[in-house]
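Just so you know, structure 1 and structure 2 below are the same protein chain in two forms, each on its own as structure tokens.
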Structure 1
Amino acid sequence: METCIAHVDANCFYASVEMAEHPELLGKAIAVCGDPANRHGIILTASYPAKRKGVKTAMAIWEAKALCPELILVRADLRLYMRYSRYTRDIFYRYTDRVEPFGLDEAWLGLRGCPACGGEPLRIVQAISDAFKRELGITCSIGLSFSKVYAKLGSDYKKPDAITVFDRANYRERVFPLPVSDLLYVGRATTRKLNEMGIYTIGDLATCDPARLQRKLGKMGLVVHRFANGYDDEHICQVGDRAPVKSVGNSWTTPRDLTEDTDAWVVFMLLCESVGARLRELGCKCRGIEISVRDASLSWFSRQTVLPMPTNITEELTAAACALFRCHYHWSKGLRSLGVRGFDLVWSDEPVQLRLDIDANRQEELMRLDGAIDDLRRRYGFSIVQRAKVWTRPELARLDARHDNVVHPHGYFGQMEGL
């Protein structure tokens, strides 16, 4: 029963959902993209027939069509994908109350002590796989292991429609030969640094001296060393669990490339609405804000600033995020995703020094406005009230970042505090 952590990853999720909704697309080379009419857009995901022709995520549409002339382009329908994402979670909750989403199409499941299928993890994940096909018309790949990272490796190990088990008896034989870049949170920059150290496989990383890794990568070197050895011992969050909060953030991969300031403002407003609402629910304010920006080529950067006064007001968070963005990005390329994080949290009732350049009456009005919006959305749902300006971009305006866009798993980097 030690191998009781599963990671479930829906195969080619956006494309699979489109084929489930439109059976005439089954078996064909299709790609979901932001706007098929925009020849400068990018591919969000592709079906396996298209992938076999070389079509990849983040590839330019013109490049994908050159590789696969018969490629059928489908415009992304984020609301549809969110609905299917909720269906997948409904399936998970039949078998366990320990579910950690990792984006729309992935989740970790804690299976220890689950009575379903006699408590046998392998039988449980097989039942989940069958339910995906029978009820949703899509397939998934599942990894089953004794750690979160190895379970994630397992779901990536064989696709589509596969179940892979990495247990104590086989993980050295099956995991250690894999490229180090396959490990969760080992991106291109970290891979390059590890390669410079002569580390090319997960086994190389697992057997490397931790002190050497720390000198090269800092604390992250110790974290990835633990991951390579399957030492991550974070539990799977139970429904209702809440980890100690040190920051609050959301990010979003948008259904089309963002190409101008108004696009960015709309997304930052929606993200800051979520961040502000969560801060208010926690009874906190943030003293700093950070933005993250990823362009169409998947290049990424983040910037942060200290705020004049602690705040959880949506309009103030949005203004700070947009000011950071305008200062550090000048539209050399379209943008694929944006993120906002409030950090250095303090309690809302903590005394602060008033400033002459801050309009206290205006702040009070904005606080009452946010409170009214929060109350309406709690009672009637997110769409009951929205800011008029976000509807200048209706394809972006429907994002409920707080409820529909869970990005990061619980607690992965909490262990770094003690390193």
Structure 2
Amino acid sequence: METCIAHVDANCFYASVEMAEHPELLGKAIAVCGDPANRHGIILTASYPAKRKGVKTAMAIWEAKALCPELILVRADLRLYMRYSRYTRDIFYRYTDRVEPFGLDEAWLGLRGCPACGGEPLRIVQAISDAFKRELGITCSIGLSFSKVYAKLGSDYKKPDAITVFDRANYRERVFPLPVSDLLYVGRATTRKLNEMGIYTIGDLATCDPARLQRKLGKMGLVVHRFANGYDDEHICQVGDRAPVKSVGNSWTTPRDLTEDTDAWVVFMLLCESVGARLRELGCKCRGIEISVRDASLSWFSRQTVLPMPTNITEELTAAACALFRCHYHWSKGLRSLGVRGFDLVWSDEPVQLRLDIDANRQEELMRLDGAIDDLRRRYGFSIVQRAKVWTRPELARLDARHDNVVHPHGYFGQMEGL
């Protein structure tokens, strides 16, 4: 099999973009954070000089300052990072239409049969790496291999500004010694279980009896065994390729017409509770959210947006749905029905770039809250616990969004049509 799948990962993306915009920061210890004035805020991305002093992603600002007193803090500018992210995609599309973005700063590229650069994937990725430097002023690490999982391992293997090839001839020697936790989808819990089985490296996992893995880890055991061996579905999901939609959605026709923002908030909260619960059940987060709105005359529209960071937290989903709603509906008529759909699903334990404007503690709290609510409802039924603000509209609050209405997963997780 050819080595024609690339994974491109921009190095220290946020920090690099800041340096590309402000060359006076080049070569300095800088860190991007949500609010430089908040000592307890966290570092989102640090430049290499800062990393060498021990500054890490998710570290508190005060802690980072203690390790690196000369650290320059820069307020995150998501708009700018999204612009550069778009530019990186423009570069990819010159070479292939098979581009699967993974967060703002990573993407898989399908290069099989691409005519550029004499059809040689290695020369294509070299051209991409050059274009990053020349056009954007940032560097990237690229992995080139015969599977998506190995390509991603390759982009992690050597940083910054490097190209790593794992092909049929060298993968046993180069991939197999890597720790099993480097593998995509092998989070902390899975690593622990694998270690208990005496599996420490990707090679250990690849050569383990799959039946033994299945007994210990269930279906996931087979998945990670395949990944360790460099087999995956190889399918690069194209942007705008709507066919294999992976989404979870729910909609509700309300018992009375909705007439103002609090009504809509209550319904969105109930719907997002159900979508969130379903996502959490699946072990997923969504990267995008869509709302659908039907008014009393039954005319209908839907709008979607990409979330700054994948989530399955009810409160974040609700906030995103309401923000989208406020942008696009101004109460010219009463409403009869609302819907919410989370799309572009990723596994919950997938690594993500940290979000700018939410502190990790708060997010942790919200996750625990959702977990506790899920647990209570599983045991005692939906109505055992309810958000107080929902009860400002008791006639709406009676929806058991999770059970009275069908929740529609599809794509990866089932074949049902959404909304």
Partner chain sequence: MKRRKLYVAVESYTDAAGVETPRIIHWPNGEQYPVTAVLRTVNRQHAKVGGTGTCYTCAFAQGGIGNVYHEVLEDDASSVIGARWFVEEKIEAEHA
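All values derive from a computational prediction rather than experimental measurement. Whichever C-alpha set is largest while still superposing within 1.5 Å between the two forms counts as the rigid core. Throughout, residue numbering runs from 1 along the sequence of structure 1.
- Of the two forms shown, structure 1 is the one predicted on its own.
- Relative to the superposed core, Ser299 undergoes a Cα shift of 2 Å or more between structures 1 and 2.
- Positional change of Phe343 between structures 1 and 2 reaches 2 Å or more at the C-alpha, relative to the superposed core.
- Once both forms are fitted on their rigid core, the CA atom of Arg379 lies 2 Å or more apart between structures 1 and 2.
- After superposing on the rigid core, the C-alpha of Cys272 is displaced by 6.6 Å between structures 1 and 2.
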